[in-house]
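Given next, in structure tokens, is a single chain: the form predicted alone.
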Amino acid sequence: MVVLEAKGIKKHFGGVVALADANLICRKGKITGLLGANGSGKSTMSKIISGVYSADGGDIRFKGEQVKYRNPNEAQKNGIAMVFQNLSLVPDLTVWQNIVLGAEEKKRLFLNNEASRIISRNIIDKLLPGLDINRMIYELNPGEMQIVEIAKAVSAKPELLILDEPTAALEQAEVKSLFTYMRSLVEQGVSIIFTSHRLWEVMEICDDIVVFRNGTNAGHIDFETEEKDPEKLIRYITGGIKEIKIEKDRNTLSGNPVLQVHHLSYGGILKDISFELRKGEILGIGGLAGQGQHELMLLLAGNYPKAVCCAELNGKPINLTKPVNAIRNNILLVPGDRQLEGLFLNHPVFTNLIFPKMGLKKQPFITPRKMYKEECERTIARLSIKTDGLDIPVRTLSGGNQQKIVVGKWLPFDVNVLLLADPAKGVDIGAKQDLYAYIIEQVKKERMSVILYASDNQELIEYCDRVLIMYEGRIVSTIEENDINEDRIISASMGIGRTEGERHE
């Protein structure tokens, strides 16, 4: 039974065509994957269905009736709820208050807070058992915030639930929990539109997949009648231009280490961490969510002045308690949240690309704009950044192109250590391949050293020479070279099954 049919949908933003004659069908009790590169129109379609945008043309039918919602509240009242990429939570309210916000339970003239807590707890216990519903939102990590955002949408009891990149901030254990809950909703007859850039997710959870490219339909795969062929899916997404993945030959590690870290600690979050990074190595950081990986990357970039850290760069002591110290020693961070930590969204591409140079000791008194513009143009060409010019606000670019700018601003630097904190999170397949192609090229040609934290284990498997597994703020195991695989990473993350190729630090 068809629950939703969007036919011939068109949408323009000024001179930009976001959707051109796009179609989407969702069936009752099924999960439809909506995929495509950043800027392909998938988020625009979802926002039109949920009432955020109005279509410039086309027809939408929900439960057999033609609909055109004026806002998300109207859509939600009619049975359509959406989880957006940008969270809508109120930081100074609790988990349960955010979940029921705008739809609070009442007891006569008063709010029934106890009933609201029960509703919230029932949902959270299925999505993320153990999360305290009385915690404030600002106390949560990004993954926990994403779970609360999903719980908020589910609390409205929708008949159609739209999940736009809901797993971008989640670790695999949280993704598995979400998938279990999604299947329980489907069994109750709920239809789901699911968007993700992780192939294994859509292969595992979706019943069928619709692919958009350049604002129109590029392909459709029904897994009930067709095999799950990832290469076919990627051809739809990319137009057959790119290969399925970039192959990397793991390096034979030798020589003196570039970076040595001894007994690093920080506030009970990071505990007695020691490791070495060698020239031309890609060193992975893995483990379950919230084990200190994010904090480790920030500490190495100089973000924690009170950290206890004894470190050496190329054999010489280095102070990592200030970001400027790290930058001046060419230890450079690509943060995990590009919008909050990596970009000045309202400033132009040019400003974002040259900003790191402003902290250099030998910065010219007058900014050499002509020289910097030439550098920026080379960066744009090298990383295939799609932009209408250097003066365009970076917020107008797609997520993938924004992430390329976060990486590209370090191109003019002579990098000693590149810190990558989940660099491909929320980035489409094509942009992800461009990013890793550049990184691997630099590793091979310039013998650049990289520390890579990725929430997607597949990235660690494909690109890393070694993987350090973290648990409760410590490095508990190291997996090396050809022993790097899904089973080893997961078992080490859970403290299970130490085998050859793993060793404790």
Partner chain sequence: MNKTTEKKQTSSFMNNMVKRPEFSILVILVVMITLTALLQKNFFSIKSIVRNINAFTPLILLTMGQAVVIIAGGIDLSAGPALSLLTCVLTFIMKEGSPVTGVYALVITFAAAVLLGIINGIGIGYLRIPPVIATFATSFMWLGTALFIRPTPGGETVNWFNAFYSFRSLENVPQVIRTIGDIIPPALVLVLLGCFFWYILSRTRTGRYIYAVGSSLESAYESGIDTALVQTSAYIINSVFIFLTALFFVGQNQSGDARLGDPLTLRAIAAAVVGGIALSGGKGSVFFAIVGALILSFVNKIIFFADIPYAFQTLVGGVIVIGAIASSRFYTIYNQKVRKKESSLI
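Positions refer to the first chain, counted from 1. Remember, predicted model here, so these are calculated numbers, not experimental data.
Omitted here: the form predicted together with the partner chain. The next part is about that form.
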Contact test, all of Val415, Gly430 and Ala437, partner the partner chain in the predicted bound form, heavy atom 4.5 Å: no
Contact test in the predicted bound form: Gln97 vs the partner chain, heavy atoms, 4.5 Å: yes
His220: touches the partner chain in the predicted bound form, heavy atom cutoff 4.5 angstroms: no
The partner chain contact in the predicted bound form: Ile118, any heavy atom under 4.5 Å: no
Interface membership of Ser274, the partner chain in the predicted bound form, 4.5 Å heavy atom rule: no
Proximity to the partner chain in the predicted bound form, single hit among Leu111, Ile392, Cys310, Met371 (heavy atom within 4.5 Å): Leu111
The partner chain: the contacting residue among Glu104, Asp388, Glu204, Glu377 in the predicted bound form [heavy atom, 4.5 Å]: Glu104
Options 82-90, 259-267, 140-148, 228-236; stretch whose heavy atom lies within 4.5 Å of the partner chain in the predicted bound form: 82-90
